Ligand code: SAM
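Next up: a single chain in structure tokens, the form predicted alone.
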Amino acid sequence: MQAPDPSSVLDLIEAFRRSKTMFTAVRLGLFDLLDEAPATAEQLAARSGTQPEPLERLLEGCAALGLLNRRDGVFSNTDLARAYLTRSSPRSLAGYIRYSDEALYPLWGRLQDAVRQGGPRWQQVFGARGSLFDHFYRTEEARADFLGGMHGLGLLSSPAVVRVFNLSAYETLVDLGGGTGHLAVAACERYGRMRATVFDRKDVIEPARRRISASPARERIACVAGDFFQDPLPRASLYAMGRILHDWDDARCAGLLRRVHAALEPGGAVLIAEMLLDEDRCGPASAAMQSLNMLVCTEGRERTESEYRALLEAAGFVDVEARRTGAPLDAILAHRKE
């Protein structure tokens, strides 16, 4: 019997090398330096505080991955790198990449312990009380970097999430834990009568206002500070939660959904943006990997459509419908039971 093709196994063996190559180049600011002007390895080494020969290998690795061009010894950014790996790009994922390198990479190194013992690995890896979120809100610079990364991720999904269902019947939206407001912006730009409120931590509000100010819908979007587990929630006809429920266990999710149900106006609904697992929980691969990511990072996990339906119906919602968006996040819409 002929042995199976080993290419997929070999690819998985090497996958972390590709990630770490990109992570390191972003952490060193190489794409930002090349955004200013193309340069040789020697020139970049002088500007980045690195050694020319090792740096050249890193640059060559980035070129092999399609992130850089090289011509006559001079490196330059590809369009892909310019759009997603430079800090100056409005679609930058650089903040999320730095977060992945600084936090997720070492946490995933303890995946075996998480599987054996259960629970997130934050204290084991970093020796600090609190959570991943406390760490990334610890300073203004860290907060800005984290929010910038989440904003870049949000831009990949929010337009699709607000488009996959017709939300024109809802005039008021509360974007719960809305961060920089990318979902509220996408909704208000698509639905001209909608007014939105971004409800998030006090230290997120000012960065959110700055992002929102660039939108033509800015006059219809407000920001309110609060803790969505404890503080009163604003009344609205539509609530949205993007990448919120996957951070928490079923009990915390159920409590939050009950609070949202109580805050909704008659005829209201909740829109959830998360990665949806297939019913057998063995795919898509991106959702399965994200569920493992939640294992090492938080007390949460990714869920199937039926699992979200059970949580929503227990909280009083009806007519639950899930739709794949083709973007990184899928969407679920459920209506308030009268």
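All residue numbers refer to positions in the sequence shown, first residue = 1. Please read all numbers here as calculations on a predicted model, not as lab measurements.
One more form of this protein, predicted together with the ligand, exists but is not displayed; see below.
Trainee: Wondering, does G242 line up within 4.5 Å of the ligand in the predicted complex on heavy atoms?
Mentor: Yes, contact at 4.5 Å.
Trainee: Considering only heavy atoms, tell me if F229 and the ligand come within 4.5 Å of each other in the predicted complex.
Mentor: F229: contacts the ligand in the predicted complex.
Trainee: Look up in the predicted complex whether P120 has a non-hydrogen atom within 4.5 angstroms of the ligand, and give yes or no.
Mentor: Contact with the ligand, no.
Trainee: Examine V204 and determine whether its closest non-hydrogen atom to the ligand in the predicted complex is within 4.5 angstroms.
Mentor: Yes, V204 sits close enough to the ligand in the predicted complex that at least one of its heavy atoms falls within 4.5 Å.
Trainee: Go through F165, W108, Y137, Y84 and name the one with a heavy atom inside 4.5 Å of the ligand in the predicted complex.
Mentor: None of the other options qualify; the answer is Y137.
Trainee: Consider the chain as shown here, without its partner, and state which of A160, M150, L104, C223 has a heavy atom within 4.5 Å of the ligand in the predicted complex.
Mentor: Going through each option in turn, the one that passes is M150.
Trainee: Which one of these stretches, 176-184, 206-214, 87-95, 73-81, sits within 4.5 Å of the ligand in the predicted complex when only heavy atoms are counted?
Mentor: One stretch meets the cut-off, namely 176-184.
Trainee: Going by the ligand in the predicted complex, which residues of 247-269 come within 4.5 Å of it through any heavy atom?
Mentor: If the 4.5 Å heavy-atom criterion is applied to the ligand in the predicted complex, 247-269 yields D247, W248.
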